[in-house]
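First structure 1, then structure 2: two forms of the same chain, each alone, as structure tokens.
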Structure 1
């Protein structure tokens, strides 16, 4: 279906060129955020334009400051702020060091923590395996294998999203860890197929953890 034309120029072209270069550049930058499309990105930009200058400057300063004060934990890769090289979870001596819960991204870890049902340690993969491309995308497989070799780790829980990518990643990690001869479990039923852990309610996640096998 051809876009409606006005004096030989498509409406889409008019919409693209009606913004200034600065606005269009910010829209393009925000569009690179996960799950953010051009329309949502444009809302972000125009929201910022409506804010007082001091609030925009505060946001800008905090973003710049973020890269200076936040670092990744050397064990689980959770971004944290503070002294040392380990995050508060990994440095907590009361945590169960015999279980290692593998998640795809930081919000998944946060969702599991909020259930108050899991007291072990974590590992953030930072990506997943695409069943279409048949290769991994920024997944920390070497670091995971090294972490799983820790003699204290007896069980590795694969808490990955019940999506096509999540299932492919689970199979990949299972093959990766098989030579270690350690107990590898997956979350139990209850999570909706195609959903993501970060959007699951705490009761559903608790049941999935307790029903792992």
Structure 2
């Protein structure tokens, strides 16, 4: 009964006592959202309580339809809505079908699309392998291996995060694809545009030196 003495999000979430049941229920549901703890979840609920009823109903409706409308592309696994089994990118005849860009998650694909520099296709891996356990955590490695065997695909770009997890995944995928004998490339490393040399870490600066042209 002294919540301030108890650490750990889940116990604190349970101990929210002055809120009514449906508020508590929603707080616990929002608490499971990524980056959201019980305090932020409570702010969400009180924000919703202050919204006009129609707006809350709109969110509710959009959520209810989400899983019905959205399906994953059979080629790249991008969630999309509409006819067919392929997303707008994979079904776009003007795109270069010889390059396949492997990303960890959907927002990464979106970031690359926004550069307007890449006209090939994608593959969403859906996660990283754990650098500690050296084991994939439900990433789509089998589907990638199958997809990469497509004779149209000549180059596979591994556009994974320059983090420990991303590096481990890159290594894992490189080994996985090795038997296919296809060109496997990685994103260039170096100084980020707008960054300052003075504040660049050693690894980044080493990569920039190595990648000079």
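Owing to the predicted nature of the structure, the values given are computational and were not obtained by experimental measurement. Rigid core (definition): largest C-alpha set, two forms, superposition within 1.5 Å. Residue numbers count along the first chain shown, from 1.
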Which number, 1 or 2, marks the form predicted alone? 1
Rigid core superposed: how many angstrom does the CA of residue 25 shift between structure 1 and structure 2? 2.9
